[in-house]
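Next comes just one chain, in structure tokens: the form predicted alone.
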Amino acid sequence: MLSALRATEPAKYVIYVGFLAIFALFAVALRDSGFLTTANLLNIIQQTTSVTVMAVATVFVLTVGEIDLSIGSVVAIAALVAAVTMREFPWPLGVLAGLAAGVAIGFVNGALVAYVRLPSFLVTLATMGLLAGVARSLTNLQSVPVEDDVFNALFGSAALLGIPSLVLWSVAAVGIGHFVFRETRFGAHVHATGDNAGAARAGGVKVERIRLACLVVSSTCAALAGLLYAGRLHGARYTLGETDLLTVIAAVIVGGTRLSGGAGSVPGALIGSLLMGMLNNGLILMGLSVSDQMIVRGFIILAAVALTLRDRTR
């Protein structure tokens, strides 16, 4: 029986058990504070949509054995580019401009990592600082309002059959990401590259292209997250996304993706994202400060990394 239990790899289900346990704790402790109301639960999902979108892409990046530290800065750049474009042009051009900025940044990051063979940590760290400066100078530290009602509805406040658009964006991102990750040749090549790049290359996998593609996907999803922020907040600012990197990485690692590459879980990233959002929501309802929330997230990351590395060395 013990061998059968080990064969099921119970570590994979820790995140789900932990999520349910924390949800039950908040449900009891905050039963008089509105935690269990439909409005509050939907609010948690909507507030974590941008993080969820980025977390799905980060699963690919970490699984392939790389890391992207620039996603928070890409969020701000894409949102600002879209908002500035929509001052003079229709909203579809604003959306295309924001997404194009993400694609271009991802292509530069990916080319430097895959073909120049620079470490992704250093490349994206440099890009993060560079883009943060560009975002601050792009609008001279000023907010840029977005007044297009169609854009704000599609990327923020609209609903379809009573389901908020932000919830639909989360479902779409997770559904597409999980299918590509588990059911396509590209997903298989991502796993193979992260597990053993040399063996993958010998087996015919275009390792450089896979790494490039993963970093392009990461920046593009970060750009989409920026558009979702702009739609929800009806504007863009250089500070958008600046605290998301820690949250996204925490969500992905807690969800079961290995830092060392070769294994990941898109559904786990979703649960990790919702867990981060639920913690923030619950701690706010308890009256705790932002610094306390950051401390809790830091402990969760440490615990998740410890479990991941332990599982890897078995």
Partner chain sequence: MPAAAQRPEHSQPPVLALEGIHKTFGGVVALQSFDLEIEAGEVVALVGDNGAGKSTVVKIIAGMLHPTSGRLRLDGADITFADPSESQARGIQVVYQDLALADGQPVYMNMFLGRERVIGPLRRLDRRGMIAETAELVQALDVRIPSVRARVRDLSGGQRQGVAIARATHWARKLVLMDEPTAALGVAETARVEANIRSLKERNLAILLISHSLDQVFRLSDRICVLRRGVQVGVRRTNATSNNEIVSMITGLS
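Residue numbers count along the first chain shown, from 1. Predicted, not measured: the structure shown is a model, and the values here were computed from it.
What comes next is about the form predicted together with its partner chain, which is not displayed.
Asker: Using a 4.5 Å heavy atom cut-off, are P90, G98 and V150 all in contact with its partner chain in the model of the complex?
Answerer: The answer is no: none of the three residues contacts the partner (heavy atom, 4.5 Å cut-off).
Asker: Based on heavy atom distances of at most 4.5 Å to its partner chain in the model of the complex, which listed stretch, 203-211, 119-127, 82-90, 157-165, is the contact stretch?
Answerer: Of the options, only 203-211 has residues within 4.5 Å of the partner.
Asker: Examine G262 and determine whether its closest non-hydrogen atom to its partner chain in the model of the complex is within 4.5 angstroms.
Answerer: Contact check for G262: yes, within 4.5 Å of its partner chain in the model of the complex.
Asker: Would you check, heavy atoms only and a 4.5 Å threshold, whether F179 touches its partner chain in the model of the complex?
Answerer: Within the cut-off, so yes.
Asker: Even though the partner isn't displayed, in the model of the complex is A188 close enough to its partner chain, meaning a heavy atom within 4.5 Å?
Answerer: Within the cut-off, so yes.
Asker: Spell out, yes or no, whether the shortest heavy atom distance between V171 and its partner chain in the model of the complex is within 4.5 Å.
Answerer: Answer no; every heavy atom of V171 is more than 4.5 Å from its partner chain in the model of the complex.
Asker: Using a 4.5 Å cut-off on any heavy atom, which residues of 182-199 would contact its partner chain in the model of the complex?
Answerer: The stretch 182-199, when checked against its partner chain in the model of the complex, contributes R182, E183, T184, R185, A188, H189, H191, A192, D195, N196, G198, A199 at the 4.5 Å heavy-atom cut-off.
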